[in-house]
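Presented as structure tokens, the chain that follows is alone, the form predicted on its own.
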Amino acid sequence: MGRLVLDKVRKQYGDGVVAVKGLDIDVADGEFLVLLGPSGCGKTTALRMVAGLEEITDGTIELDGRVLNDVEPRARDVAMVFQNYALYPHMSVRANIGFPLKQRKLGKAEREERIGAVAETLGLVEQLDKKPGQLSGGQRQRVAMGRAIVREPSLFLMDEPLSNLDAKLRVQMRIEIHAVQRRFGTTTLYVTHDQVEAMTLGDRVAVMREGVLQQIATPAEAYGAPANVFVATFLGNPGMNLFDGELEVDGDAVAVRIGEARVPLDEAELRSQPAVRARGGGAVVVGVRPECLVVPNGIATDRGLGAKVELTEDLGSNVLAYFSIPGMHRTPVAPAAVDGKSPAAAGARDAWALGRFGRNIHFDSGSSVRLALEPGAMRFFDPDSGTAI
């Protein structure tokens, strides 16, 4: 078993800095939960509090109903994988993996059996008698994982374990971490600032900003229905386009003015965001994912936008295109979910819309084009709070 519950967990340092502000998270037994956010958002501090490496200022941390607040790290039944591997350079791979078992005073035969099983799982059998200095970065990270796995803990804690690897190795290790976690079924709390890792590894993603939990959801839910404008722009590469808009409600019909265009909402948008119609009109922030700006070709022309091509970037597998749209402005990312400030107070500014297209689409810089919004493409946010409507 490995159910982890953080109840109103808070961390304040002696200088008055509050790193984590009332964090509430419930991680199910066997779940892979990713804490995601920019540097300084409090995700690693939260992980270290679970591990017992940081004291909790307020709140409660429970693992399978056992309160961990005052439990020593070694007695918490958790295993941690660090960013820097933290291997003993003078020990062999065999000794590094088996070190936690030796600390528990397990017999040699049982230690060897468990070390062998873990090494087989992680593809380390041929490296067992080597020292860490003789291994590649990926192999060293496997050893660090093996040392955690061999303990058979209730909870894995992983603190940006792939950040020291090159891009190709990160992809390979993501696959291996996912496979190992699924095989052992151990509850895992994983910290990263890399949204690709978060979206591919996590059963759910907990997005944090400045010590505050912004949204906890499946990757698909967080991407498709972000809770606020911060999540909307942080998730996605590039993030969601955000524009000033004005809702117009006429009976059952709802439309939004974006710049000089008037775009009717379709049933998918109204069904997924019922509060939009109930709002009865007024200012909104309109969010559109770059891949949802398309060349019309079958899309209803009443959902079209006139645009001018400003710049294109050929990324090989796809093309990014930047457009200016008459009368369109972009609303800055709202800090409202953190400190209550209104994004409108920061002032809207002129900006380009960004679209992602397949290689078969070609744009000439400076040309005028007609774009359309895919059905269900628009998401709406309150301009004062920044939260989803």
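Here the structure is a predicted model, which is why all the values come from computation and not from measurement. When you see a residue number, it is the position in the sequence shown, counting from 1.
Not on display, but discussed next: the form predicted together with a small molecule.
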Query raised in the report: Quick one: is S39 in contact with the small molecule in the predicted bound form, heavy atoms, 4.5 Å cut-off?
Result: yes
Query raised in the report: So in the predicted bound form, does any heavy atom of A19 sit within 4.5 Å of the small molecule?
Result: yes
Query raised in the report: Counting only non-hydrogen atoms and a 4.5 angstroms cut-off, does R174 reach the small molecule in the predicted bound form?
Result: no
Query raised in the report: Closest heavy atom of E160 to the small molecule in the predicted bound form, within 4.5 Å or not?
Result: yes
Report task. Please name which of the stretches 66-74, 24-32, 357-365, 41-49 has residues with heavy atoms lying within 4.5 Å of the small molecule in the predicted bound form. Result -> 41-49
Query raised in the report: Using a 4.5 Å cut on heavy atoms, which of R114, R151, R257, H193 is close to the small molecule in the predicted bound form?
Result: H193
